[in-house]
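First comes one chain, alone, set out as structure tokens in the form predicted alone.
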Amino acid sequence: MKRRDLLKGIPVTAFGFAVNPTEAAVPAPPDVKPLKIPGGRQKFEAVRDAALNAEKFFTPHELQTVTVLSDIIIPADAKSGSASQAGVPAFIEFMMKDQPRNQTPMRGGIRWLDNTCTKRYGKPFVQCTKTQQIDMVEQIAYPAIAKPDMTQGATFFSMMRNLTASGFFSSQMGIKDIGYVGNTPNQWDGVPDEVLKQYGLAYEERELNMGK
């Protein structure tokens, strides 16, 4: 039994005097929402996910930068929405806490991007015009041809691109975008007649009546 629970069950003091309940009341612990365990997850995984979701990694400015970059990488089109509309920034936020080794490259990359944009355009990346943002991205989007002073940015952008694609194509929007349907129920009508005829086979009457 926890000490607080033990104290709640004692109506008198250690000296035997009655205690006024209003004076000796112990504050009740805050309500804790029941843990939801998604399908396919074990309890310990759900507990860990909940703990990570309760933490914050990105600052508001960093999250805004990640959002703008993800939408440049996967913009909205006639078929589906953009990366941010698919929840990619939240996915990347989670991945930073799930894989802490990526925190320094991510945070350092955003800082590099802002410093470089400030030197080139006089303001941080998110405050640049759309044209300036695209111009900056084109300098770091292709590691094989990036200039020596852009290699750090190219490494950062490659990580952003991988995370954005992973987040988007594992979301409901991304799954619909590529047309993946997974295991879905269907109607089996039997072997086509032309195949049966090719092999000189035919269904028996009892087989044709099955399921009717």
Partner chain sequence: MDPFQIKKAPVEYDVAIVGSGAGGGMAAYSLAKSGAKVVLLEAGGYFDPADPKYITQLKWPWESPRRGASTTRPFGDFDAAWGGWDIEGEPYTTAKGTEFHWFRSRMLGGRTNHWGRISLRFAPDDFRRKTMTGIGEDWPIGYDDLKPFYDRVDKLIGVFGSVENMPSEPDGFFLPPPKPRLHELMIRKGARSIGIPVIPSRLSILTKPINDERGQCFYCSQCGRACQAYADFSSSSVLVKPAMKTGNVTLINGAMVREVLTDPASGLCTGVSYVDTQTLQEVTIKAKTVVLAASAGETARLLLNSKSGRFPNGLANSSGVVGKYINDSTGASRSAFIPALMDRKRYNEDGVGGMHVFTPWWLDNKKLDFPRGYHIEYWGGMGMPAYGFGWGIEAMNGMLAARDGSKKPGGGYGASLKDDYRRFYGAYIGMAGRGEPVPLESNYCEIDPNVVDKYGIPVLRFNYKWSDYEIKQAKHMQDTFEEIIHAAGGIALGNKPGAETNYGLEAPGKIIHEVGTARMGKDPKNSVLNGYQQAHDVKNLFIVDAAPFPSQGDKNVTWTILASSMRTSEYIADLAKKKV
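Residue numbers count along the first chain shown, from 1. Definition used throughout: the rigid core is the maximal C-alpha set that superposes within 1.5 Å between two forms. Computed from a predicted model, the values in this text were never measured in an experiment.
Just so you know, the form predicted in complex with the partner chain exists too; it's not on screen, but the next bit is about it.
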Checklist outcome for this item: in the model of the complex, the residue from 148, 39, 34, 60 with a non-hydrogen atom within 4.5 Å of the partner chain is 39
Checklist entry - Taking heavy atoms only, is residue 116 within 4.5 angstroms of the partner chain in the model of the complex? => result no
Checklist entry - Would residue 81 count as touching the partner chain in the model of the complex under a 4.5 Å heavy atom rule? => result yes
Next on the checklist: Taking any heavy atom pair closer than or equal to 4.5 Å as contact, tell me whether residue 99 reaches the partner chain in the model of the complex.
Outcome noted: yes
Checklist entry - Could you tell me if residue 94 has a non-hydrogen atom within 4.5 Å of the partner chain in the model of the complex? => result yes
Item to check | Residues within stretch 176-201 having a non-hydrogen atom within 4.5 Å of the partner chain in the model of the complex | outcome: 177, 178, 179, 180, 181, 182, 183, 184, 185, 186, 187, 188, 189, 190, 191, 192, 194, 195, 196, 199, 200, 201
Checklist entry - By the 2 angstroms cut-off, has the C-alpha of residue 39 moved between the shown form and the other one once the rigid core is superposed? => result yes
Checklist entry - Quick one: core overlaid, is residue 185 moving 2 Å or more at the Cα between the shown form and the other one? => result yes
Item to check | Note on residue 175-residue 188 C-alpha separation in the model of the complex, which departs from the shown form by 3 angstroms or more | outcome: closer
